[in-house]
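In structure tokens, one chain follows: the form predicted on its own.
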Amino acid sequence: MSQLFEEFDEISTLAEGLDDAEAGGRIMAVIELANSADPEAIPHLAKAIIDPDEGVRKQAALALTAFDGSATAAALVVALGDESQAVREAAALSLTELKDPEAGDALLPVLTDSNEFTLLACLAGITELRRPEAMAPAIAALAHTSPMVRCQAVSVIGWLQDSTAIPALRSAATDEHPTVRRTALAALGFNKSDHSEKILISGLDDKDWQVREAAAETLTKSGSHTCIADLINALNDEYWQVRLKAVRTLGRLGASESALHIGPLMSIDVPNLRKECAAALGELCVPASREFLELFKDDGDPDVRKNVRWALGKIDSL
């Protein structure tokens, strides 16, 4: 018990610095309170959030990154309404570090806020907390005029992995903004229905290459061979990044018929793509792939050579 009182007295002593006449002294007190890592410091840092000096308020918002829970989140929500953009941005950053689901108690009431910055920050803060109560406001936010808000709303829905939200994700996959579409396709990965797979396959033809890349990568999770022909076609995409994801997915799906399509890509002057091709050929373990791999045993890139040796070893073990 005496140790607890000693710790409390230490925090109280540090907190006295928040009454320093000089802003610099108050900033140092905020830093020391954060360094204590003692939850007893949270109420004092919450007090610093409304300090008259912008520098103190910003430091307090950043200092709260070291803590978690509802009280921390509540203080950061206050900081989101600060007149200073620097303070608001510091608070938004700290919100993304929250891990305790109880922190969502302070964020849930703000998920309908009319201020775009506040709404975006709270959606980002609650995403990884996986609070089921965030589903309804996140779905509502899909109609927001800001693509950044819509994108973060999709992330919230995706982390919850609730099958009842699949229609909302499928709708977001056709959003006018490519970042929203890309995020929605990635979020659909947990749903293995034929309808979702068809949406992912259609994503391989999206006008934005990053959306096509996301579609090719997410199809890995489908476990279905319905998409094989479309992924093979994606090996001809103008962007090597899309081809790389298609190669990886074909390898992991065990699409042996794709080996003869993947092999020629070993000649592309992109080491990352050659490395992925070698790995995929090894995963497919098709004897006919040997002729492609043999040509690159002495590739100039060490990672490519390593994957080639591994792939050849797998084929030799047949």
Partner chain sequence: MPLAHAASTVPVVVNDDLCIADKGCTVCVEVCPLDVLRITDLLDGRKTAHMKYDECWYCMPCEADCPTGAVTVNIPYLLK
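Numbering follows the first chain given and starts at 1. What you are looking at is a predicted structure, and each value in this text was computed from that prediction instead of being measured.
Unshown form predicted in complex with the partner chain; subsequent notes refer to it.
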Quiz item: If you check in the predicted bound form, do A46, T72 and D82 all have a non-hydrogen atom within 4.5 Å of the partner chain?
Solution: no
Quiz item: M28: heavy atom within 4.5 Å of the partner chain in the predicted bound form?
Solution: yes
Quiz item: Do D19 and the partner chain come within 4.5 Å of each other in the predicted bound form, heavy atoms counted?
Solution: no
Quiz item: Heavy atoms within 4.5 Å of the partner chain in the predicted bound form: does S289 have any?
Solution: no
Self-check item: Partner proximity in the predicted bound form: S258 to the partner chain, non-hydrogen atom cutoff 4.5 Å
Solution: no
Quiz prompt | in the predicted bound form: members of 47 to 79 within 4.5 Å of the partner chain, any heavy atom | solution = Q59
